[in-house]
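As structure tokens, one chain now follows by itself in the form predicted on its own.
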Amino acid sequence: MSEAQHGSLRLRVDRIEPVTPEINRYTLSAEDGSWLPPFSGGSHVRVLIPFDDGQTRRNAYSLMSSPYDTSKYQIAVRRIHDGKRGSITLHEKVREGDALLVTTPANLFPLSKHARHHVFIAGGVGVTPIYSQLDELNLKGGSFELHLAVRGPEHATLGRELQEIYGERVRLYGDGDGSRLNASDVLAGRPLGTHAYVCGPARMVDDVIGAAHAHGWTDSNIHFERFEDLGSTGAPFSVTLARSGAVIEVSPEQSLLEAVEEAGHKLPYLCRGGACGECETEVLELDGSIDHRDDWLSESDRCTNKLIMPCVSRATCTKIVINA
């Protein structure tokens, strides 16, 4: 299996395929042909995108390839003109045969193991994490349906692909037939055990959550993903590992976890996104403050400054010692 180097995987761009006027699909594989790290449906990776000024952008992209085929990863990149040029760089400068540095997969949008039926609602490129989720459910015999809204026929390629695979379980809105997705109608009258998943523009996510609440859904049955997180980058700092005495420099482009791994040490991890709690680490000494960016620790835990989630959180300090 391909091993991460310096906290990331070096992958070859095997294919670049335009799928809409704004979206390219990239197929990536290990340069030595080895298997890539496994992932579950809904996972994402971050692509390290270097700029001429020495800065590095770390853009998150969902894995849309099958979790059961780790010979390759596939991501879809929407070109955003008013963004921070990460997507534009991938569209304009990356060619087939080039190499990209990619983080190992993390999953903040997993399938519920308790759901009897899965209802997916997506808009545009928000369908990409659902690709791998549907593949996982299909092979396991899970019950599901997808409702996908697009801006017009020229943006419907990915939806049509899924219709060819899953047939009537995929409903496409906006593909020239005048149909419009209404989240309230989709969610009304669902039996117990149904879970909803939404990924798309912020307004769509909010509308779906609001409609679900209006129909009496509990938060435990509503799942959504936003890539509007703070990430794990920031000002550099040093961390001391208490058990070995090693002092490790965490660069602006790295997470604490990645810096520890690059230095040859190990910390436990699972999601690498601050959601699962697996990497929770005790802080033994701190001269400064912790920039908590996780979704795991309670507010009371954060206030003590005695715990840190190395996969996403950082420190603003002159000294931090962790129990590792």
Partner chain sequence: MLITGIKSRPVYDELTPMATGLSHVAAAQGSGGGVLVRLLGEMTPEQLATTTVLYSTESFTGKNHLADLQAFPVRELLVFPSNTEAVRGLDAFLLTAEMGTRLYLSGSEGFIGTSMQVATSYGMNTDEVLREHAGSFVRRVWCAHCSHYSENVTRRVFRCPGCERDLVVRDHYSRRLAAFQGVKADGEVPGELPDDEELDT
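A quick note: this is a predicted structure, and the numbers were derived from the prediction, not measured. Numbering follows the first chain given and starts at 1.
A second form of this protein, the form predicted together with its partner chain, is not displayed here; the remarks below concern that form.
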Subject >> Proximity of D177 to its partner chain in the model of the complex, heavy atoms at 4.5 Å >> reply: no
**OP:** May I ask you to state whether S143 is within 4.5 Å of its partner chain in the model of the complex, using heavy atom distances?
**Re:** no
Original post:
Does R243 reach its partner chain in the model of the complex if we count a contact as any heavy atom within 4.5 Å?
Top reply: no
**OP:** Evaluate H155 for contact with its partner chain in the model of the complex, applying a 4.5 angstroms cut-off between non-hydrogen atoms, and reply yes or no.
**Re:** no
Subject >> Stretch from 191-199, 248-256, 95-103, 161-169 whose residues place a heavy atom within 4.5 Å of its partner chain in the model of the complex >> reply: 191-199
**OP:** Have a look at N221, N138, S238, S184 for me and say which one sits with a heavy atom within 4.5 Å of its partner chain in the model of the complex.
**Re:** N221
Original post:
What is the one choice in R79, K72, H215, R151 with a heavy atom within 4.5 Å of its partner chain in the model of the complex?
Top reply: H215
Subject >> Neighbours of its partner chain in the model of the complex among 112-126 [non-hydrogen atom within 4.5 angstroms] >> reply: H114, R116
